[in-house]
Every structure is written in C-alpha cells, then in structure tokens.
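Before any questions on how it binds or moves, here is one chain, the form predicted alone, in structure tokens.
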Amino acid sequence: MKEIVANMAGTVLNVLVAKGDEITAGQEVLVLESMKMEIPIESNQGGKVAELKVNIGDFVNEGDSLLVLE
C-alpha cells in the first residue's frame, strides 16, 4: 500500500478524489487551507484510491496520511 501524506499542517478544504478512483502521478487529490491560503496536494505516484483517511473540515499535521493507494 502506498500513502499520500500532508506536506504541511492545515484544514482539509476539498477532496477531489473518491475511493476506487484511478489517479496519476501529479494529479491534485485534495486541497488544504493553511494561513488563509489554499494549497493543492498532488499525488506523487499513480494508482487506485483504496482508502480516504480524511474528510472535509479535518485538521491534519505535516506527515499525516491523507489517502492510501493500491
């Protein structure tokens, strides 16, 4: 299993993928809000979304797992 992790602390503003979606490297998967700025989070690898670990409104810390790929 491959994970995509948060590169900074912030609040999940939008989730752009769903469980079962096929994604590619470089694709935006969600948007964090930090210090009133929107920060898109991109996948660093391709795969199928096996599990979303966050919901809109959740606060995440740097290094927290956001989603898992098969």
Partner chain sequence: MQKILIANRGEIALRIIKTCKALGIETVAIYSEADEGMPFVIEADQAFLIGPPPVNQSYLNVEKIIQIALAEKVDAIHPGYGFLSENADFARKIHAAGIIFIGPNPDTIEKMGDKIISRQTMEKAGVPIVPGSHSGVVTVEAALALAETYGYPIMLKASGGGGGIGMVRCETEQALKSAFTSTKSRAKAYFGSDEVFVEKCIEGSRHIEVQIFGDDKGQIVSLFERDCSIQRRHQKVIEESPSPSLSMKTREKMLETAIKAGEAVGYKNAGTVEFIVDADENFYFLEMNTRLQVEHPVTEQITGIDLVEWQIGIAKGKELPLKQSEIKSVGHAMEFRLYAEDPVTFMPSPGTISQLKWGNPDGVRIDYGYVEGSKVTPFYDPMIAKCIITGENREETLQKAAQFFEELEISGIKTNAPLFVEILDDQDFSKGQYTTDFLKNKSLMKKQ
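The model shown is predicted, which means the values in this text are computed figures rather than measured ones. Positions refer to the first chain, counted from 1.
Separately, the form predicted in complex with the partner chain exists; it is not shown, and the next lines address it.
Residue contact with the partner chain in the model of the complex: Ser34 places a heavy atom within 4.5 Å of it. The closest heavy atom approach of Leu52 to the partner chain in the model of the complex falls outside 4.5 Å. The partner chain in the model of the complex is approached by Met8, whose closest heavy atom lies within 4.5 angstroms of it. Although the partner is absent here, Val15 lies well away from the partner chain in the model of the complex, with no heavy atom inside 4.5 Å.
Taking a 4.5 Å heavy atom cutoff to the partner chain in the model of the complex, the contacting residues in 38-68 are Glu38, Ile39, Phe59.
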